[in-house]
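Given as structure tokens, the chain that follows is alone and in the form predicted alone.
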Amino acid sequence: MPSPAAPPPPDAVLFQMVFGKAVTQALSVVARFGVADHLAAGPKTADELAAAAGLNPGHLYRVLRALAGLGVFAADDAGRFALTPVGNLLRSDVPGSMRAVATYVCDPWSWTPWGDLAGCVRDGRPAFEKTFGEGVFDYLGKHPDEAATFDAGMTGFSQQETAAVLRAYDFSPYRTIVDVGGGHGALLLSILKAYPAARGVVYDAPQVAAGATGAIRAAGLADRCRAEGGDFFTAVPPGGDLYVLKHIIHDWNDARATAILKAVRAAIPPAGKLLVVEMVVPSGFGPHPSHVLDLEMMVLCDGKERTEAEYRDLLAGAGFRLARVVPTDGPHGLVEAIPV
């Protein structure tokens, strides 16, 4: 039996971490130019891929070689590259595709503010606002092409998370579900398909809700679901049995998050429930995706990932009591709360 490989020395480990920027950019390049899509039918050489994507073959080879060493691609002695399960997620046509995410993280609006992480840590202000002079969501509202890539990335994430949410939580007690900040309704539409007795409302900014209307119609659910536009800082549609907030609360500091929760509290009936779908930061200092995502929130939008105790306090300040945190088989938790 072969002996296990020795762990890399500390300098090699730190080198890999320090040059993480190269990995992020390399992933973004192959995502941006659809390299994984060109590999869907089988292995190809860098020359073949470069011809298909309109890229420099020598430079593309070097990118692919680096990513093969990290398990994104496999390579044979003939110089042909193939997809691994990790690289397969960079295809456009797979459930839970991360191609759009890998693309937008290197778009200027997402990449540039990270150059001022030091300033962000020094003064406690989001680097994005200092870089662009406005909040990230205001910026994306004025740049539809960049916003479209971001929205596609969020849809890919939502596809991954929705299955885990449906496995973890029983939605059968609820007749009307309001998805606050629900985007184009990916989560709610999946819930309604799984629970045919339920009805739903996708609530988001008016320009987003307009896109949700088409998604609802395309899913064949226009008889049980509608999209409504508005400002969730001031009001949300009343009368739901369950209000869902997925990846909304973490975008905002405590004051702004409390405003959203208070708007829900004003609309929710006494017997209603609130379900917050977020990464809940675990205790201790072991590796967890929430630790890294927390830095993204800090840089881009003055948001944060929160612990269970922090959610308990935040909810209490808006008139809710945290009832339980339901784990999923993914990195997210379901924070269930009731009005008090």
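When you see a residue number, it is the position in the sequence shown, counting from 1. Predicted model only: the values in this text are computed from it and were never measured.
What follows is about the form predicted together with a small molecule, which we do not show.
Original post:
Though the small molecule is not shown, can you say which of Ile216, Leu242, Ala263, Met154 has a heavy atom within 4.5 Å of it in the predicted complex?
Top reply: For this set of options, the contacting one is Met154.
**OP:** Using heavy atoms only and a 4.5 Å cut-off, determine which of Ser158, Thr131, Thr258, Thr103 is in contact with the small molecule in the predicted complex.
**Re:** Flagged contact: Ser158.
Original post:
Which one of these stretches, 202-210, 108-116, 265-273, 77-85, sits within 4.5 Å of the small molecule in the predicted complex when only heavy atoms are counted?
Top reply: Residues of 202-210 come within 4.5 Å of the partner.
**OP:** Examine Tyr195 and determine whether its closest non-hydrogen atom to the small molecule in the predicted complex is within 4.5 angstroms.
**Re:** Result no; Tyr195 lies far from the small molecule in the predicted complex.
Subject >> Contact of Pro126 with the small molecule in the predicted complex (heavy atom, 4.5 Å) >> reply: Because no heavy atom of Pro126 falls inside 4.5 Å of the small molecule in the predicted complex, the answer is no.
**OP:** Examine Phe232 and determine whether its closest non-hydrogen atom to the small molecule in the predicted complex is within 4.5 angstroms.
**Re:** Residue-level check for Phe232: yes, a contact with the small molecule.
**OP:** Answer for Trp252 alone: is it within 4.5 Å of the small molecule in the predicted complex, judged on heavy atom distances?
**Re:** Because a heavy atom of Trp252 falls inside 4.5 Å of the small molecule in the predicted complex, the answer is yes.
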